[in-house]
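One chain follows as C-alpha coordinates, the form predicted alone.
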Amino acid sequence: MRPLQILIDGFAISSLYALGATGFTLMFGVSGVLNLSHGAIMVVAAVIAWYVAGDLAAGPYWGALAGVATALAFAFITYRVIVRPIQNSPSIPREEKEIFVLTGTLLWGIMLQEAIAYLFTNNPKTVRPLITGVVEILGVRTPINEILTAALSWIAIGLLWLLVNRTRAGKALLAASINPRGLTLLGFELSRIYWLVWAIYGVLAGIAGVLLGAFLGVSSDNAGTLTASAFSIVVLGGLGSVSGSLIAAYVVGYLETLTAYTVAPSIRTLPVLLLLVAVVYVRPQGLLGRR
(Lines give C-alpha, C1' and ligand atoms only; values in the text may rest on other atoms or scores of the structure.)
Protein backbone atom coordinates (compact mmCIF):
# COMPACT_ATOMS: atom_id res chain seq x y z
CA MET A 1 0.00 0.00 0.00
CA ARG A 2 2.95 2.34 0.51
CA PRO A 3 3.54 2.99 -3.24
CA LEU A 4 -0.12 4.01 -3.63
CA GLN A 5 0.10 6.19 -0.53
CA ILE A 6 3.17 7.92 -1.98
CA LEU A 7 1.34 8.37 -5.29
CA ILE A 8 -1.70 9.98 -3.65
CA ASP A 9 0.17 12.16 -1.17
CA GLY A 10 2.72 13.18 -3.78
CA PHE A 11 0.01 14.24 -6.20
CA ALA A 12 -1.69 16.44 -3.60
CA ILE A 13 1.47 18.20 -2.43
CA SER A 14 2.74 18.55 -6.02
CA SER A 15 -0.54 20.16 -7.10
CA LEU A 16 -0.24 22.60 -4.23
CA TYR A 17 3.36 23.38 -5.16
CA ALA A 18 2.28 23.92 -8.76
CA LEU A 19 -0.37 26.43 -7.73
CA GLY A 20 2.02 28.30 -5.44
CA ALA A 21 4.73 28.51 -8.09
CA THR A 22 2.44 29.46 -11.00
CA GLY A 23 1.74 32.99 -9.80
CA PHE A 24 5.38 33.41 -8.80
CA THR A 25 6.69 32.52 -12.26
CA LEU A 26 3.89 34.35 -14.12
CA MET A 27 4.86 37.56 -12.37
CA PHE A 28 8.51 37.13 -13.30
CA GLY A 29 7.61 36.33 -16.88
CA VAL A 30 5.47 39.45 -17.26
CA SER A 31 7.17 42.06 -15.06
CA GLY A 32 10.61 40.57 -14.34
CA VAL A 33 10.04 40.65 -10.57
CA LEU A 34 11.12 37.84 -8.25
CA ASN A 35 9.03 38.44 -5.16
CA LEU A 36 10.94 37.09 -2.14
CA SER A 37 8.03 37.88 0.19
CA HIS A 38 6.05 35.12 -1.54
CA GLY A 39 6.15 32.66 1.37
CA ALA A 40 5.18 35.33 3.89
CA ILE A 41 2.12 36.32 1.83
CA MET A 42 1.03 32.67 1.68
CA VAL A 43 1.44 32.34 5.44
CA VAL A 44 -0.54 35.56 6.02
CA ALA A 45 -3.41 34.12 3.95
CA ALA A 46 -3.39 30.87 5.94
CA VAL A 47 -3.19 32.57 9.33
CA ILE A 48 -6.02 34.99 8.54
CA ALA A 49 -8.16 32.08 7.28
CA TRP A 50 -7.43 30.22 10.53
CA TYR A 51 -8.25 33.28 12.65
CA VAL A 52 -11.50 34.20 10.86
CA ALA A 53 -12.77 30.62 10.69
CA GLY A 54 -11.80 29.72 14.26
CA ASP A 55 -11.40 32.67 16.63
CA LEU A 56 -14.10 34.75 14.92
CA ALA A 57 -16.28 31.64 14.41
CA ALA A 58 -17.13 32.68 10.86
CA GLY A 59 -16.74 29.18 9.43
CA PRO A 60 -14.26 27.68 6.97
CA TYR A 61 -15.74 29.24 3.83
CA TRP A 62 -15.63 32.81 5.12
CA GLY A 63 -12.21 32.07 6.57
CA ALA A 64 -10.91 30.92 3.19
CA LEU A 65 -12.39 33.98 1.48
CA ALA A 66 -10.81 36.29 4.06
CA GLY A 67 -7.44 34.59 3.59
CA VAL A 68 -7.48 35.01 -0.18
CA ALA A 69 -8.65 38.65 0.11
CA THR A 70 -5.84 39.38 2.56
CA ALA A 71 -3.24 37.87 0.24
CA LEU A 72 -4.59 39.99 -2.61
CA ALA A 73 -4.36 43.12 -0.46
CA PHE A 74 -0.78 42.36 0.57
CA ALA A 75 0.19 41.63 -3.03
CA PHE A 76 -1.02 45.12 -3.98
CA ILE A 77 0.80 46.64 -0.99
CA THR A 78 4.00 44.82 -1.97
CA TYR A 79 3.82 46.23 -5.48
CA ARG A 80 2.74 49.77 -4.55
CA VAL A 81 4.96 50.30 -1.51
CA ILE A 82 8.02 48.16 -2.25
CA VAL A 83 8.43 47.25 -5.91
CA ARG A 84 7.02 50.20 -7.85
CA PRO A 85 8.94 52.95 -5.97
CA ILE A 86 12.20 51.09 -6.62
CA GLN A 87 11.42 50.56 -10.31
CA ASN A 88 10.50 54.23 -10.78
CA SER A 89 13.33 55.68 -8.68
CA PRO A 90 15.64 57.92 -10.75
CA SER A 91 18.40 57.64 -8.14
CA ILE A 92 18.85 53.88 -8.58
CA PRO A 93 20.81 52.83 -11.70
CA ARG A 94 18.76 50.75 -14.12
CA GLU A 95 21.11 47.78 -13.93
CA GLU A 96 20.86 47.72 -10.11
CA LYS A 97 17.08 47.92 -9.75
CA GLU A 98 16.58 44.15 -9.89
CA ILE A 99 18.84 43.52 -6.91
CA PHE A 100 17.12 46.36 -5.03
CA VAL A 101 13.72 44.74 -5.72
CA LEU A 102 15.04 41.39 -4.50
CA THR A 103 16.39 42.98 -1.33
CA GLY A 104 13.26 45.05 -0.75
CA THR A 105 10.85 42.13 -1.11
CA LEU A 106 13.09 39.94 1.05
CA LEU A 107 13.08 42.48 3.87
CA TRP A 108 9.33 43.01 3.45
CA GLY A 109 8.80 39.27 3.75
CA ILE A 110 10.85 39.18 6.96
CA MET A 111 8.77 42.05 8.35
CA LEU A 112 5.54 40.19 7.57
CA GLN A 113 6.94 37.02 9.13
CA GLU A 114 7.85 38.83 12.34
CA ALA A 115 4.48 40.60 12.43
CA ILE A 116 2.66 37.27 12.16
CA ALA A 117 4.78 35.82 14.97
CA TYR A 118 4.09 38.86 17.15
CA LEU A 119 0.34 39.01 16.55
CA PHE A 120 -0.47 35.30 16.37
CA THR A 121 2.67 33.59 17.83
CA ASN A 122 4.78 31.22 15.76
CA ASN A 123 2.91 28.10 16.86
CA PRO A 124 1.71 25.88 13.97
CA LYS A 125 -1.86 26.63 12.88
CA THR A 126 -4.18 24.38 10.91
CA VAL A 127 -6.94 25.97 8.85
CA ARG A 128 -10.34 24.30 9.15
CA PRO A 129 -10.88 22.27 5.96
CA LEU A 130 -13.79 23.10 3.69
CA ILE A 131 -14.87 19.45 3.69
CA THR A 132 -14.07 16.91 6.39
CA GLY A 133 -14.09 13.15 6.29
CA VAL A 134 -12.07 10.25 4.90
CA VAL A 135 -12.45 8.11 1.79
CA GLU A 136 -10.80 4.83 0.87
CA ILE A 137 -8.91 4.64 -2.43
CA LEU A 138 -7.88 1.07 -3.29
CA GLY A 139 -7.42 0.31 0.39
CA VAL A 140 -5.66 3.58 1.29
CA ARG A 141 -7.57 5.84 3.67
CA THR A 142 -7.26 9.39 2.38
CA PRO A 143 -8.71 12.61 3.84
CA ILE A 144 -11.26 14.24 1.55
CA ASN A 145 -9.44 17.51 2.20
CA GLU A 146 -6.33 16.08 0.51
CA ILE A 147 -8.30 15.27 -2.63
CA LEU A 148 -9.97 18.68 -2.48
CA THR A 149 -6.57 20.36 -2.24
CA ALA A 150 -5.41 18.79 -5.50
CA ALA A 151 -8.74 19.45 -7.23
CA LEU A 152 -8.96 23.12 -6.24
CA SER A 153 -5.31 23.68 -7.16
CA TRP A 154 -5.91 22.43 -10.68
CA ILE A 155 -9.21 24.28 -11.00
CA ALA A 156 -7.36 27.51 -10.18
CA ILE A 157 -4.59 26.67 -12.65
CA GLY A 158 -7.20 25.81 -15.31
CA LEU A 159 -9.01 29.12 -14.78
CA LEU A 160 -5.69 30.93 -15.12
CA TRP A 161 -5.06 29.13 -18.42
CA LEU A 162 -8.46 30.22 -19.70
CA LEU A 163 -7.81 33.80 -18.61
CA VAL A 164 -4.42 33.95 -20.30
CA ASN A 165 -5.40 32.19 -23.53
CA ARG A 166 -9.04 33.14 -24.03
CA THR A 167 -9.33 36.77 -22.94
CA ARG A 168 -7.98 40.05 -24.31
CA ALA A 169 -6.40 40.92 -20.95
CA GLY A 170 -4.73 37.53 -20.78
CA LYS A 171 -3.27 37.88 -24.26
CA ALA A 172 -1.94 41.28 -23.24
CA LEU A 173 -0.15 39.54 -20.36
CA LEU A 174 1.45 37.12 -22.81
CA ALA A 175 2.47 39.99 -25.08
CA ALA A 176 4.00 41.85 -22.12
CA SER A 177 6.13 38.82 -21.29
CA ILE A 178 7.45 38.69 -24.88
CA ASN A 179 7.73 42.31 -26.02
CA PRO A 180 6.57 44.97 -23.53
CA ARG A 181 7.72 47.86 -25.72
CA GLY A 182 5.72 46.56 -28.67
CA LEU A 183 2.68 46.30 -26.41
CA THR A 184 2.93 49.98 -25.49
CA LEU A 185 3.07 50.87 -29.18
CA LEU A 186 -0.30 49.17 -29.57
CA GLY A 187 -1.81 51.52 -26.98
CA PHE A 188 -1.65 49.35 -23.85
CA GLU A 189 -0.48 50.82 -20.55
CA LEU A 190 2.13 48.62 -18.91
CA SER A 191 1.15 49.90 -15.47
CA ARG A 192 -2.32 48.35 -15.86
CA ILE A 193 -0.78 45.09 -17.04
CA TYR A 194 1.44 45.01 -13.96
CA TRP A 195 -1.49 45.70 -11.61
CA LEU A 196 -3.36 42.84 -13.29
CA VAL A 197 -0.51 40.38 -12.90
CA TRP A 198 -0.10 41.32 -9.23
CA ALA A 199 -3.84 40.80 -8.72
CA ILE A 200 -3.63 37.34 -10.30
CA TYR A 201 -0.57 36.58 -8.22
CA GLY A 202 -2.30 37.66 -5.00
CA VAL A 203 -5.33 35.44 -5.63
CA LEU A 204 -3.21 32.40 -6.51
CA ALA A 205 -0.89 32.89 -3.53
CA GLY A 206 -3.92 33.31 -1.26
CA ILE A 207 -5.59 30.12 -2.48
CA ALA A 208 -2.32 28.21 -2.16
CA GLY A 209 -1.75 29.55 1.35
CA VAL A 210 -5.24 28.64 2.57
CA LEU A 211 -5.04 25.15 1.05
CA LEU A 212 -1.60 24.62 2.52
CA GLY A 213 -2.85 25.69 5.94
CA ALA A 214 -5.71 23.18 5.74
CA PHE A 215 -3.54 20.39 4.34
CA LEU A 216 -0.32 20.59 6.34
CA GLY A 217 -0.69 23.56 8.69
CA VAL A 218 1.58 26.61 8.75
CA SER A 219 3.47 28.88 11.12
CA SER A 220 5.41 32.09 10.66
CA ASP A 221 8.59 30.01 10.52
CA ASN A 222 7.42 28.48 7.21
CA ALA A 223 7.63 31.75 5.28
CA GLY A 224 11.27 31.39 4.24
CA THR A 225 10.88 27.71 3.38
CA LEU A 226 7.86 28.38 1.17
CA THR A 227 9.70 31.12 -0.70
CA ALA A 228 12.70 28.84 -1.17
CA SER A 229 10.48 26.01 -2.46
CA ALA A 230 8.74 28.27 -4.98
CA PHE A 231 12.07 29.73 -6.08
CA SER A 232 13.55 26.25 -6.51
CA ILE A 233 10.58 25.11 -8.61
CA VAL A 234 10.72 28.22 -10.79
CA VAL A 235 14.48 27.90 -11.36
CA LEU A 236 14.19 24.17 -12.04
CA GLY A 237 11.32 24.65 -14.49
CA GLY A 238 12.83 27.74 -16.11
CA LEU A 239 12.39 31.39 -15.15
CA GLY A 240 9.24 32.76 -16.76
CA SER A 241 7.96 29.37 -17.97
CA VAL A 242 4.61 28.44 -16.40
CA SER A 243 4.56 25.01 -18.04
CA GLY A 244 8.11 24.40 -16.83
CA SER A 245 7.08 25.31 -13.29
CA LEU A 246 4.17 22.85 -13.43
CA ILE A 247 6.50 20.03 -14.44
CA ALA A 248 9.09 21.03 -11.85
CA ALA A 249 6.43 21.17 -9.12
CA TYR A 250 5.60 17.51 -9.66
CA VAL A 251 9.27 16.53 -9.78
CA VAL A 252 9.88 18.34 -6.49
CA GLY A 253 6.65 17.16 -4.86
CA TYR A 254 7.16 13.49 -5.63
CA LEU A 255 10.87 13.57 -4.81
CA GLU A 256 10.13 15.10 -1.40
CA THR A 257 7.30 12.65 -0.71
CA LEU A 258 9.40 9.66 -1.74
CA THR A 259 12.27 10.82 0.47
CA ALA A 260 9.96 11.41 3.43
CA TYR A 261 8.45 7.91 3.19
CA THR A 262 11.58 5.91 2.37
CA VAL A 263 14.35 7.78 4.20
CA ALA A 264 13.28 10.45 6.71
CA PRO A 265 10.90 13.45 6.66
CA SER A 266 13.63 15.68 8.14
CA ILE A 267 15.75 15.48 4.95
CA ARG A 268 12.94 15.54 2.40
CA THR A 269 14.28 18.74 0.78
CA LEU A 270 17.90 17.54 0.45
CA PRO A 271 17.46 15.53 -2.80
CA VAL A 272 15.60 18.48 -4.32
CA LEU A 273 18.49 20.83 -3.57
CA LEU A 274 20.98 18.36 -5.07
CA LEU A 275 18.81 18.07 -8.19
CA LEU A 276 18.56 21.85 -8.44
CA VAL A 277 22.35 22.21 -8.29
CA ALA A 278 22.74 19.58 -11.01
CA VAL A 279 20.17 21.23 -13.29
CA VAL A 280 21.67 24.69 -12.83
CA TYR A 281 25.09 23.27 -13.70
CA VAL A 282 23.96 21.27 -16.75
CA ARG A 283 21.09 23.47 -18.01
CA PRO A 284 21.15 26.94 -16.38
CA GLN A 285 17.94 28.09 -18.09
CA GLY A 286 15.98 25.25 -16.47
CA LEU A 287 13.77 22.64 -18.10
CA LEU A 288 11.69 24.95 -20.32
CA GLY A 289 13.13 28.39 -19.60
CA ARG A 290 13.79 31.00 -22.26
CA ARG A 291 16.33 32.99 -20.23
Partner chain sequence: MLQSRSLRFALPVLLAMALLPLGVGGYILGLLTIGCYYAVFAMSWDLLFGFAGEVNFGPTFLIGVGAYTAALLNHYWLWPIPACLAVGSLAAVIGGLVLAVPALRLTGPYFGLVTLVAVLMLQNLLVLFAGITGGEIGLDLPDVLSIDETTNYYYAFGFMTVTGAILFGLSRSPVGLILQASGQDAVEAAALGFNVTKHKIAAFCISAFFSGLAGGMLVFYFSTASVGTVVDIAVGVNVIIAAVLGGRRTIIGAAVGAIFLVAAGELLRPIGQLATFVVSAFALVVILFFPGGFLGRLLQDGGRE
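Think of the rigid core as the biggest set of C-alphas that the two forms share within 1.5 Å after superposition. Please read these numbers as outputs of a predicted model, since none were measured by experiment. Numbering follows the first chain given and starts at 1.
Below, we turn to the form predicted in complex with its partner chain, even though it does not appear here.
K.L.:
Verify the contact flag for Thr103: yes if a non-hydrogen atom of it lies within 4.5 Å of a non-hydrogen atom of its partner chain in the model of the complex, no if not.
P.N.:
Answer yes; at least one heavy atom of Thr103 falls within 4.5 Å of its partner chain in the model of the complex.
K.L.:
Looking in the model of the complex, any heavy atom of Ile82 within 4.5 Å of its partner chain?
P.N.:
Because a heavy atom of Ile82 falls inside 4.5 Å of its partner chain in the model of the complex, the answer is yes.
K.L.:
In the model of the complex, is there a heavy atom of its partner chain that lies within 4.5 Å of any heavy atom of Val235, even though the partner is absent here?
P.N.:
Flag for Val235 set to yes.
K.L.:
So in the model of the complex, does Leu196 come within 4.5 Å of its partner chain, heavy atom to heavy atom?
P.N.:
Result no; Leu196 lies far from its partner chain in the model of the complex.
K.L.:
Taking 4.5 angstroms as the heavy atom distance cut-off, pick the stretch from 155-163, 198-206, 69-77, 84-92 that is near its partner chain in the model of the complex.
P.N.:
Result of the contact check: 84-92.
K.L.:
Need the contact residues for 253-271: heavy atom within 4.5 Å of its partner chain in the model of the complex, sequence order, or none if there are none.
P.N.:
Stretch hits, in order: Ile267, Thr269, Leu270.
K.L.:
Following rigid core alignment, is the displacement of the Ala264 C-alpha between this form and the one not shown equal to or greater than 2 angstroms?
P.N.:
Indeed, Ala264 is displaced by 2 Å or more.
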